[in-house]
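Before any questions on binding or motion, here is one chain by itself as structure tokens, the form predicted on its own.
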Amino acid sequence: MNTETRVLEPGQIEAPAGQIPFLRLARPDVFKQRAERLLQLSLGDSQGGHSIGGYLALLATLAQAQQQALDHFPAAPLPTPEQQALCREHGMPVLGAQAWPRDPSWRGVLKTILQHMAAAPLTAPASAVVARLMQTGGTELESIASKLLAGDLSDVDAQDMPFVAAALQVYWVRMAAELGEHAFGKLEQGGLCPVCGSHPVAGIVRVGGMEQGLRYLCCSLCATEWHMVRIKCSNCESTHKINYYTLENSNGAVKAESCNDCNTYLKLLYLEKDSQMEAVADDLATLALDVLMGETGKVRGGLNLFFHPGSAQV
């Protein structure tokens, strides 16, 4: 593993001059794009298939189901203008993942996704999970969702997690789109999503125009991207000493940015190296980097809702 260390120098923390968009809500075709990237990654490279190609292909089918559900998801209850203003005033997420009272319509999304998956060619274990979840009651589903959104994965079945997470993602993406970017403000903690308060799955270093070289963090739940200056820990916001790690013989398209102060890391995706990268998909496709970071004693500062640490996927 290659390592480089950077120390922030005076003046580096300021964003470049010009009008820089702080917030980017998920595109209407966010899950279609994710599905295409997951399928591409599942095939591996010229040297052979990906080590978790089967799981990536399953998630590609799941992302296709998410896109269908998003395209046909009816409007759900939203915070009032007064509630939105209060959240902005106090630096709180308007659609807080743990604070916002979920509408039961998200379970309808889950049903739609499961029906799509049931009609797809799946492995026997995956089919069994889909069939079981289709029979799971609302109370149990709500309990799983609450634990998942709180990051309490110890009591969440690794096989249930991707499907429940997929439905919750559609629900939050839809609500954010209905409100629009103007509804959201910056949070006191810059490393959390301004829309829902969730942790990022990864950071994206953009390419082109006035966004050249700018870092945007990508939310693990609602896929919102928000600007955060580089060479700054996304977890504790320290600029003291930041290290970067890459896999040997890689092209440097994905790096792990680690912080010595809080002992965490988050992956950065450099679009100038590969413009097709997508945060959720490419985070999963580079789990080998997570393994190596674990060997250094660092822990993830973000969350991927399709990866349950220490457990096998369906």
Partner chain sequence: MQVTRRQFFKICASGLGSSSLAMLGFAPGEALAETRNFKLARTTETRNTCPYCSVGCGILIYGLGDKAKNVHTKVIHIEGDPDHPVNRGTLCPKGVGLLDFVQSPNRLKHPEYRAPGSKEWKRISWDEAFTRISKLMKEDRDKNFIDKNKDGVTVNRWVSTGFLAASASSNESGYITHKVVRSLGMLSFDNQARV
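Everything numeric here is computed off the predicted structure, so don't read it as measured data. Numbering follows the first chain given and starts at 1.
Not pictured, yet referred to below: the form predicted together with the partner chain.
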Exercise. Taking the partner chain in the predicted bound form as the reference, which of 269, 30, 289, 259 has a non-hydrogen atom within 4.5 Å?
Worked result: 289
For this session: Sort through 167, 149, 233, 204 and report the residue having a heavy atom within 4.5 Å of the partner chain in the predicted bound form.
Result: 149
Exercise. For residue 246, is any heavy atom within 4.5 Å of the partner chain in the predicted bound form, or not?
Worked result: yes
Exercise. Wondering, does residue 189 line up within 4.5 Å of the partner chain in the predicted bound form on heavy atoms?
Worked result: yes
Exercise. With the partner left out of view, is residue 174 within 4.5 angstroms of the partner chain in the predicted bound form by any non-hydrogen atom?
Worked result: no
Exercise. Heavy atoms within 4.5 Å of the partner chain in the predicted bound form: does residue 227 have any?
Worked result: yes
Seminar exercise, completed: Among 174-182, 136-144, 74-82, 150-158, the stretch whose residues bring a heavy atom within 4.5 Å of the partner chain in the predicted bound form is 150-158
Exercise. Does any residue in 198-227 get within 4.5 Å of the partner chain in the predicted bound form, counting heavy atoms only, and if so which ones?
Worked result: 199, 210, 212, 213, 214, 227
